[in-house]
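Take a look at this single chain, the form predicted on its own, given in structure tokens.
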């Protein structure tokens, strides 16, 4: 047996450590013959290098897109603003932890009602102005002002006051305690721009400076020469192309027209995995797909109708057929197993045509037809999921009419407008952020227009609760309320699948959003 084989055997049997294995191999001159899997990262591949133009082909672009951080609805503008142009006070790392970004540090009082943030010094906006506390106050108030349409309004409305103690110290006073407040300030809407400017102009502090923006079609940005992170912004230029058709994205990557694509076609991703020069990346986080019903609109204001439709869907088949196994079944609430307080004790709702028929009859709507509006813009496979839902519901005597909508304008013309429609949610890193954004009374993105007194009470109480046991119980009850009384069918949680040229390098990706928490333009690089 060769010396290398002996060393490999000792390593696999646990007789030596990985570090000892590398050391021994190096000592006897065998490093050059090692398989790449045995080598440490700094040996396997060169570190990040600066240069080149990153070309991303993303879905989710629309002609209605703009750079206002409060109303980002789809992946293309989200990656552009949050991933390339701007920064928040707080960033979520690859392990799901809140870490300083534009903030340098923070601390709170024991009741979590008062938070003191120290800001990073020496940060410049793209126009050259230095960032300070006044800019942060202005940027957060952008989402609190009267008449705002910002989706972040629900996240920041509990802030009673923001006080500048000095140029780089900011004090937040909360209406109630908020144990997750640093997570809140990482939300992609809450980026910081210069005071007394229109944030929709795209002037921020981020890794890249916008040069050209054609909504839904193309965005082009160049590296910010004054960026405050020396270990980020590796590309010279970033070009983001709106390519909503998955086949077109796939062909663009295969032919080298783009370097990265999101949302691979699950039917053909196995072919990508075998293709030379291509890497497929999977992230399992908080992303889920829903069929949202407006609970303020008949017949969906009747909970028996909502329960009928929840029992009329076969989740296991949905995951197998639509997600090709790249996901998990949902339980009609939005909290993922990746969340800290996921209510795993709740019984999994099963496909039950008899119960579905029972609830529909109880609602007095046996024989009724329900229109489900869907488009691929909602999520990849949304139309197919609607058709599958129709077939499953038919076994319960429920007629579902799937209405295929145009991709362009789906989020402005269909979502929250039609009584029942398919929806994509990236999810949120905490239970409070998810519930506050999409289920709280009056929240801008409450797409079921749901208003439940006990849920709203628990939302405030759980946010301030510092005892882990009590807090877990509250979030468990909230998940059960949504599951049994909410206006949303949550059939499945989906893994994020992106593909890229193997020339792209990256570290462990964050899972709070797809494409490394939307931060691929800032964090990734060309290997050569």
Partner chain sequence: MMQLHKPNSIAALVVKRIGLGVVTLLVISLLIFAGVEALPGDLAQAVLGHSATPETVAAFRKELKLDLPAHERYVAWLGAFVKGDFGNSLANRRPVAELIGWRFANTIFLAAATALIAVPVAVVLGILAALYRNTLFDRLISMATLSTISFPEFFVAYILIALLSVQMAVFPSIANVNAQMNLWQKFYAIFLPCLTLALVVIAHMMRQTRAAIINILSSPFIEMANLKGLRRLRVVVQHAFPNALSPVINVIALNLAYLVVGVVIVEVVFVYPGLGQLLVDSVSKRDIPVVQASGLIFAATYVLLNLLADVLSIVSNPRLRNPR
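Numbering follows the first chain given and starts at 1. Fair warning: this is a prediction, and the values are worked out from it, not measured in the lab. Under this definition, the rigid core comprises the largest set of C-alpha atoms superposing within 1.5 Å between the forms.
The same protein has a further form, the form predicted in complex with the partner chain, not shown here; the description that follows concerns it.
- [ ] Check whether residue 147 has any heavy atom within 4.5 Å of a heavy atom of the partner chain in the predicted complex, and answer yes or no.
- [x] Looking in the predicted complex, residue contacts with the partner chain include residue 147, since a heavy atom lies within 4.5 Å.
Open item on the list: Would you classify residue 461 as touching the partner chain in the predicted complex, given a 4.5 Å non-hydrogen atom cut-off?
Closed with: So residue 461 does not count as contacting the partner chain.
Task: Contact label in the predicted complex: residue 366 to the partner chain, heavy atom within 4.5 Å - done: Close contact is absent here: in the predicted complex, residue 366 is far from the partner chain, nothing within 4.5 Å, heavy atoms only.
Task: Distance check, residue 239 to the partner chain in the predicted complex, heavy atom within 4.5 Å - done: Yes - in the predicted complex, heavy atoms of residue 239 and the partner chain come within 4.5 Å of each other.
Open item on the list: Please identify the residue among 333, 310, 153, 373 with any heavy atom within 4.5 Å of the partner chain in the predicted complex.
Closed with: That would be 153.
Open item on the list: To verify the annotation, which of these, 251, 268, 161, 130, has a non-hydrogen atom within 4.5 Å of the partner chain in the predicted complex?
Closed with: Filtering the options by heavy-atom distance leaves 251.
TODO: Would you mind picking out the stretch of 70-78, 334-342, 389-397, 223-231 that comes within 4.5 angstroms of the partner chain in the predicted complex, counting non-hydrogen atoms?
DONE: Partner-contacting stretch among the options: 70-78.
Open item on the list: Taking a heavy atom within 4.5 Å as contact, would all three of 64, 218 and 243 count as contacting the partner chain in the predicted complex?
Closed with: Checking in the predicted complex: 64, 218 and 243 are all within 4.5 Å of the partner chain.
TODO: Pull the contact list for 345-361: residues with a heavy atom within 4.5 Å of the partner chain in the predicted complex, in sequence order.
DONE: Nothing in the stretch sits within 4.5 Å of the partner.
TODO: Could you tell me whether the Cα atom of residue 278 shifts by at least 2 Å between the shown form and the other one after core superposition?
DONE: No, the C-alpha position differs by under 2 Å between the shown form and the other one.
Open item on the list: My question is whether residue 105 is one of the residues whose C-alpha shifts by 2 Å or more between the shown form and the other one, given a fit on the rigid core.
Closed with: No.
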